[in-house]
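Shown below, as structure tokens, is a lone chain in the form predicted on its own; questions about how it binds or moves come after it.
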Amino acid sequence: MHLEIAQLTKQFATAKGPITALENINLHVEQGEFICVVGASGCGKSTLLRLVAGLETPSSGSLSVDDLPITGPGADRGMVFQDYSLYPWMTVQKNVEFGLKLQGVEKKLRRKWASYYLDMVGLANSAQILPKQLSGGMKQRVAIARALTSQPKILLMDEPFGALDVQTKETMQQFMLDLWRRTGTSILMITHDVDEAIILAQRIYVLAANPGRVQAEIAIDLGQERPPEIKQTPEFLHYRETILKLLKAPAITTS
């Protein structure tokens, strides 16, 4: 899998003229990488992910997966949102099967794959209950299982743990690291949480705002095992200070 974003610019029309949300974005994700994009609110992080998902079209530049241009949503990209987006009237099992059902996968096979991924995210015993009976972290595990069931080439995550309390968020971060190691799935995740990005990512793209643009690309060399206690290490604190300084740098407004 190779995701390539080259010279990407996105403008939105307004009554006062076009507004540039993203300008000259260049980034890539390789097979099996866990990549995070961090930036302050309004820097275009969600717009960037929607472009990769095919939910928005670029004003200029290109996006491709394995050299095939992204022209709309596709099964090669799985999406996980912050608000879970589960259907409340469907059981957990039916929610996870839903994407496969839309693809026309026959019932027996979609049950098999849904059961496999529910087991992988630790929810095999919750298959027949409704989402309202789940905690926030469990709901997000269902959403992740649903995205993985279609076996996408890359998993796109839009601040998936932003609505969770601190303790649940830490639990979910460790869960994602474990799931990533076990599946080898390529992941592109956006977050405003610098600590979260350092815990999870192999590389971090730092976005500046007004307009959104890549300010820096930082390789994170902390190994694959990253327990919460790693936040107290000098290496982690160095990465944190470096990224926070970039985020606090004065915005450069372009006309």
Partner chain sequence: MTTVQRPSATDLQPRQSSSLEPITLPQRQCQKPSRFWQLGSEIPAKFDWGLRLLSVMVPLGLWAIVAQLEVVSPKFLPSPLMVLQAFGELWSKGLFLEDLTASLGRVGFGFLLAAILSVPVGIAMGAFASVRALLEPIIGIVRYMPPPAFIPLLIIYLGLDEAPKVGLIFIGVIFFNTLMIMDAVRFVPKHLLETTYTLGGSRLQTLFQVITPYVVPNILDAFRINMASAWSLVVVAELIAANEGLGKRIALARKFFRTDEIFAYLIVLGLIGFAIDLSLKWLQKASCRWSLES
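Positions refer to the first chain, counted from 1. Being a predicted model, the structure only gives us computed values, none of them experimental.
Form predicted in complex with its partner chain: not shown, discussed below.
Contact annotation for P73: at least one heavy atom lies within 4.5 Å of its partner chain in the predicted complex. The closest non-hydrogen atom of L102 lies within 4.5 Å of its partner chain in the predicted complex.
Remark: S126 does not count among the residues lining its partner chain in the predicted complex, judged by a heavy atom distance of 4.5 Å or less.
Looking at P160, you'd find every heavy atom of it more than 4.5 angstroms from its partner chain in the predicted complex. Here is the short version: of Q93, Q173, T185, S150, the single residue with a heavy atom within 4.5 Å of its partner chain in the predicted complex is S150. Checking 102-110, 118-126, 160-168, 175-183 against its partner chain in the predicted complex, the stretch whose residues place heavy atoms within 4.5 Å of it is 102-110. In the predicted complex, its partner chain lies within 4.5 angstroms of at least one heavy atom of each of the following residues of 115-143: L130, K132, in sequence order.
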